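First, one chain by itself: the form predicted on its own, in structure tokens.
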Amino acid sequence: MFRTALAGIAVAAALCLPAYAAGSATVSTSTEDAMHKHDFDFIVGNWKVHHHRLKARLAGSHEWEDFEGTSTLHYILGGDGTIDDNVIELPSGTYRAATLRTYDPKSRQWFVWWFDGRTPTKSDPPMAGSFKDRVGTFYGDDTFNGRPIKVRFLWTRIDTPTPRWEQAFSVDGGKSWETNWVMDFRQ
């Protein structure tokens, strides 16, 4: 079952890769490219996750909900990728999701796809970014309730036992951001 799901994710990811990366069969060999293989070392393994999520996004809401979950992450593609399996215990019902990340040595960026088990035939549009000064910053374009938005993921506290991931949306091209989901990881 896991191999079938992983193969499906890999095929979907290959179809979503930008044209310049999809045809690349280059192996990372430079020192800088080799260093990227450790970008996600901080989150490899099994984690308990505390979720803090805005109840209504892009609606001027200040009401948050808290819930638990788990995440298991490991490297794939010889370190040029990661995959994680997530259990998200929403108050309205538990679901599973997966994150696939691949590294492109040409752009020196990671690409991130989110797969939601409630809609298994599609992925969210890819995010692109990298780590600098121990912070991972990733951006992408998406739609929310039918309107175009920018999305930002931040990885912070990656050198602590409690890494943090944050998601924010922007409706003004990135001039302002609404943080709407925070995940605190602990082992």
Partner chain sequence: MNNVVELRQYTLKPGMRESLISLFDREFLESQEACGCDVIGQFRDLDVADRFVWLRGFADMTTRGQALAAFYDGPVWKAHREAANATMLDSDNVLLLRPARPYAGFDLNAQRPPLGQAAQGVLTATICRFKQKIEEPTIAEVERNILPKLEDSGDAVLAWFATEYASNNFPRLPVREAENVVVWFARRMAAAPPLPAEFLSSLLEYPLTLRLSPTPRSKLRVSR
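Numbering follows the first chain given and starts at 1. Just so it is clear, the model here is predicted, and its values are computed rather than measured.
Beyond the structure shown, there is the form predicted in complex with its partner chain, which is absent from this document and is the topic of what follows.
**Student:** Its partner chain isn't shown here, but in the predicted complex, which of 156-164, 126-134, 54-62, 35-43 has heavy atoms within 4.5 Å of it?
**Tutor:** That would be 54-62.
**Student:** Using a 4.5 Å heavy atom cut-off, state whether F144 contacts its partner chain in the predicted complex.
**Tutor:** Yes.
**Student:** May I ask you to check whether L90 falls inside a 4.5 Å heavy atom distance of its partner chain in the predicted complex?
**Tutor:** Heavy-atom contact with its partner chain at 4.5 Å: present for L90.
**Student:** Within a 4.5 Å heavy atom cut-off, is T119 in contact with its partner chain in the predicted complex?
**Tutor:** Close contact exists here: in the predicted complex, T119 approaches its partner chain to within 4.5 Å, heavy atoms only.
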